[in-house]
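First, one chain by itself in structure tokens, the form predicted on its own.
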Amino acid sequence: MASHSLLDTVKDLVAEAVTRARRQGLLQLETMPEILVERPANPGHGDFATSLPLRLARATRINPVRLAESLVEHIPESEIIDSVVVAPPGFINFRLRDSWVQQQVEVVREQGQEYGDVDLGGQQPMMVEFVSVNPTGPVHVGHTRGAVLGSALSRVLGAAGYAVTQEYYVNDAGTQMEAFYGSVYARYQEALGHQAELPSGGYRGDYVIDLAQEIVDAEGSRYLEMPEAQALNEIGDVAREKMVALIREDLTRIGVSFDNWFSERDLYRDGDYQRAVDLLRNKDYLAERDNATWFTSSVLGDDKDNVVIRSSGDPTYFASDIAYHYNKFIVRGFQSVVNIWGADHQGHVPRMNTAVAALGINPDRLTILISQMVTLKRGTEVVRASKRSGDFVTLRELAEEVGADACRYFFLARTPSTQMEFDLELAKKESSENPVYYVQYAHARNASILNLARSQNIDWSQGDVTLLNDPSELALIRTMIRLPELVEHMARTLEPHHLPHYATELATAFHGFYENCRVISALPEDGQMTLARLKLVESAQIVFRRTLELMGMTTPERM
């Protein structure tokens, strides 16, 4: 597991140059500036660059190009860096030594499927809570985006050294659940030939009729023979468990699973709700007015106070959320928590942060990501609804049409804060137009080369990587070695949407290598080159597999 990234190594070189320049009086700076190093958009400019001279020009009153030249003179020698060049109007560009780049093929082979792991989290306990749809219906396309985001983010954080718990919060208390239970009970009665009306705000999708029929098939008419309140309670328990099982099964179709399925009802049964309310009351954050109990969040900077206990005595959803976060941070001791919510919860973010602060928890320990809306398209036509589910397209329908890998790639490829269009036709194309096909085809091509070598009993373990001098070979290795720093960056920023773009760049680099460099040659004089290139192909396969694994995608060996 890498503990010091290549990016950090370059930063350290720049920091040492600044320290030396200050010591010699060339830089009049009281404190060490923040050193930012990035990869240039144009690879021709080098592997890394810093704009530090431009940022220091005003404070030092030194021309940025002259300042850059001065710093370059003080950058220590490094076995990693080949050249350090000043570029107008004040950049310092770094190029890696080809000999060091070549040796990274051996590093990748040695680390195997742990390549890309970084020691950032120190096994700090971290929760990622996502999807958390009320168990009143199937998971639909909008929820699927958050499901893929949470699943991939959890994988990235695990690779970055965090002890990640993936949790689904089952909202199984409150008025929506009561409306769902009433809907199932009404359809149950209808299935047995009785007249019944759906409750106000009831659920009308055909899936409710199917669910009621399942209960009839399993239990017969016994719920008609008991008082309505008891029937509602018992049939509700059955319906809830069946719906949670359906949600779990559907999510498994796209490779999404959870360590915990946490029931909202447990917050009340186990006393966390009451303890959270008592804690807020003891801190004078609760007030009684208008026959209700209010959380006085305005004193903590929120724009208004919020009701936590209605005049009926029933807690609000907000009260449950407060209790749930009390459980996450105080009862179970998670150091940091990430919630992934749908776009309809955007307005809930400030008051949740305020509530966490009121509980005595640093709000910085909670991050809430909002997953924006998804529009499904088939070519130019917008796909709006599904008969089976009522007024939305389900995860199951989408997965059956385009497959789990396409679901994961396309939902992950856009930052969650932007609305997205999902093109069903593109997702099914078997051509390079479809990035899923393009990436997986590169992996399959990679696998076929290694399988051919094995079928010919070629042992490439003694291959000499110093022979890998072709520009396309070096370009492929340079792309491969970006994975660890990418994992660290994604873990710090909670932005796994960089993964699909990296996978596409890796595929492009591999296709370029394949087109320009014959790997297995029958000519005796090419024997050593064959062994070296097979080592490169093997290491590329490791990085491909790791990247696809982090995205939760499969690694086909044939296409």
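Residue indices: 1-based, along the sequence shown. Keep in mind that what you see is a predicted model, and the values were worked out from it rather than measured.
Unshown form predicted in complex with the RNA; subsequent notes refer to it.
At a distance threshold of 4.5 angstroms between non-hydrogen atoms, Q166 is out of contact with the RNA in the predicted bound form.
Taking non-hydrogen atoms only, R58 approaches the RNA to within 4.5 angstroms in the predicted bound form. Among heavy atoms of A444, some come within 4.5 Å of the RNA in the predicted bound form. None of the heavy atoms of M243 is located within 4.5 Å of the RNA in the predicted bound form. Of the listed positions (S448, S472, N260, S78), a single one reaches within 4.5 angstroms of the RNA by any non-hydrogen atom in the predicted bound form, namely S448. The listed set H345, R97, R265, R109 contains one residue whose heavy atoms approach the RNA in the predicted bound form to within 4.5 Å, identified as H345.
Just one listed stretch, out of 247 to 255, 172 to 180, 221 to 229, 397 to 405, contacts the RNA in the predicted bound form at the 4.5 Å heavy atom level, and that stretch is 172 to 180.
Across the proposed site, S311, Y438 and I520 without exception bring a heavy atom within 4.5 Å of the RNA in the predicted bound form. Scanning 28 to 54 for heavy atoms within 4.5 Å of the RNA in the predicted bound form gives E38, R39, P40, N42, H45, A49, S51, L54 in sequence order.
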